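Single chain ahead, written as structure tokens, the form predicted on its own.
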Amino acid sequence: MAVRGTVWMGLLLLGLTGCASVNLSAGFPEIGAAVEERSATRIVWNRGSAVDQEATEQVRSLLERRLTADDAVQIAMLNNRELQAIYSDLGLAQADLVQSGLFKNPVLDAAILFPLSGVRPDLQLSVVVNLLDALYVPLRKRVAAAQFEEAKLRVTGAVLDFTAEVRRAFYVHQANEQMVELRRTIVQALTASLDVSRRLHAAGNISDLDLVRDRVQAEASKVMLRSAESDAQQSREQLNTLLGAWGEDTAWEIDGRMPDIPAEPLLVNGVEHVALARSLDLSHARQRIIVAGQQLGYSRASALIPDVDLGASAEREGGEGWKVGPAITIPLPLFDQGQARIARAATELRRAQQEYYALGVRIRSTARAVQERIASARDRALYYRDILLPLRERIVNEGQLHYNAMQIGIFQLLRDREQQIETGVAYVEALRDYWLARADLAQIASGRVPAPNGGRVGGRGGQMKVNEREGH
């Protein structure tokens, strides 16, 4: 009867768990909706469906035109394979969730003993199931469900970080392209100056020392141009990596120069409140507290007696018939009473709570810092654009008049022109800093807070792996 009862119990457990299936795409629609709402971009999980082909065609279409920052972000969201790999974290968490709801399989133990007297061998059979497993399943499912929600927040945050990283990389490359253009103009101006110097030197109007000085200046400008070209190539390759572009797809071109400073300053009232209210980091940290709390509850419930095996045992000795009876296995908590696991879980909970409050402080500070960076870069860019550049242009124009009247030499005129271009370089740098700060502010509005160096708060500077704690 005991064997029959165990069989029925096994069939019942099989009926309860046998229909469990793993939907590896579970949670992705919520992530896609959150990303679209917070960053106005669309994501597709490449799973070999018709949607993949549609996404590929969209990427091709975008690459054929001159890219804007928004185009670059959308291409990267659809085409970057590292981002696609991140989505697998969601499938892993879903698999863990399904696994947590499955009962442990019954264990069949069989033994055959052959007596030396030559009589019939002894047979021993037992079938046991973990009795407490059924009680612990709801606790395990709560832990796994909380971890699945944490995985959704983690993946959503990684995607939003990625959009900000692409946008920053685009602005850096756009600025580098403008730098190359300006450096090339400086080289042309100093090369022209050197040619004049050589003619004057040949006529005996300037000394060897003056000629060498002009040549050094011209040659140094070529070095700076080469450095600017290298920076542009490096930033282009970084953008290629983020776009997931290779082969013919790397022939893309950007859309002109960086946008000018908007006429009206960007007013963000209560940036700290916005950062906190929209923060996915805080939601993620809060979810980690929930996970740690659920894990602590599970550890306490299963600390003293983690396993109790119950089943039936059958034995036949020699020529005797079968002996059947119940079997139970209970570990005696003499040494390990689960105190270490409970202490570990409690420590994890306390750490998660402290990290939550520390993150709030850091988010507030970072939001204020980004706001100040925007204001500072805007002021510097406007100062260069509205005051210094017009003054430099006036100096060049006045110098041209004086040169025509033979009141100054060609060298003075060329030096004025060089200083005008150097002021243009400083303006481009200030403009770049402004748009990088704006990209960071957009990241804050999406719910993620960047570090001052453009990486993640407490994170690893924009790296995309999310299968580990993100430094919170």
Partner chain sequence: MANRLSRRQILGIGAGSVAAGAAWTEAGHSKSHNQPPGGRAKETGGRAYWQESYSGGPPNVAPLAPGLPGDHYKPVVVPNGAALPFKIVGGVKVFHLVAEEVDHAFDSGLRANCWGYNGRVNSTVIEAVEGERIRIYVTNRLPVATSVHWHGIYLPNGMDGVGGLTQPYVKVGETVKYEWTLRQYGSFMFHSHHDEMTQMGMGMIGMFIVHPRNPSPDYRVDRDFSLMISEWAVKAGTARPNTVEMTDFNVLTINGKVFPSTAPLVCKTGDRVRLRLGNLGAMDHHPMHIHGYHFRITATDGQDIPLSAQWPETTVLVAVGQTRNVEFVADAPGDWAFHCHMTHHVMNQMGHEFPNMVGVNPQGIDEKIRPLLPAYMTHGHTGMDMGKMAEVMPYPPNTISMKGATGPFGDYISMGGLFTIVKVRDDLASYEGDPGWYQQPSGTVALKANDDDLARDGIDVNDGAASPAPRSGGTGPPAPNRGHRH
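Nothing here was measured: the structure is a model prediction, and the numbers come from that model. Heads up, when I say rigid core I mean the largest set of C-alphas that superpose within 1.5 Å between the two forms. Residue numbers count along the first chain shown, from 1.
If you look for the form predicted in complex with the partner chain, you will not find it shown, but the lines that follow are about it.
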So in the predicted bound form, does any heavy atom of Arg432 sit within 4.5 Å of the partner chain?
no
Would you please decide whether Leu332 lies within 4.5 angstroms of the partner chain in the predicted bound form, comparing each non-hydrogen atom pair?
no
Interface membership of Arg38, the partner chain in the predicted bound form, 4.5 Å heavy atom rule
no
Spell out, yes or no, whether the shortest heavy atom distance between Ser279 and the partner chain in the predicted bound form is within 4.5 Å.
no
Can you pick out, from Asp249, Glu229, Asp195, Glu272, the residue that has a heavy atom within 4.5 Å of the partner chain in the predicted bound form?
Asp195
Please tell me which of Leu200, Ala164, Leu225, Ala145 lies within 4.5 Å of the partner chain in the predicted bound form, judged by heavy atoms.
Leu200
Hey, with the partner chain in the predicted bound form, do Trp45, Thr56 and Thr241 all fall inside the 4.5 Å heavy atom range?
no
Among 232-240, 105-113, 322-330, 200-208, the region lying within 4.5 Å of the partner chain in the predicted bound form by heavy atom distance:
200-208
Can you tell me which residues in 375-407 come within 4.5 angstroms of the partner chain in the predicted bound form, by heavy atoms?
Val396, Gln400, Leu401, His402, Tyr403, Asn404, Ala405, Met406, Gln407
So that I can tell if Ser61 moves, could you say whether its C-alpha shifts by at least 2 Å between this form and the one not shown after the core superposition?
no
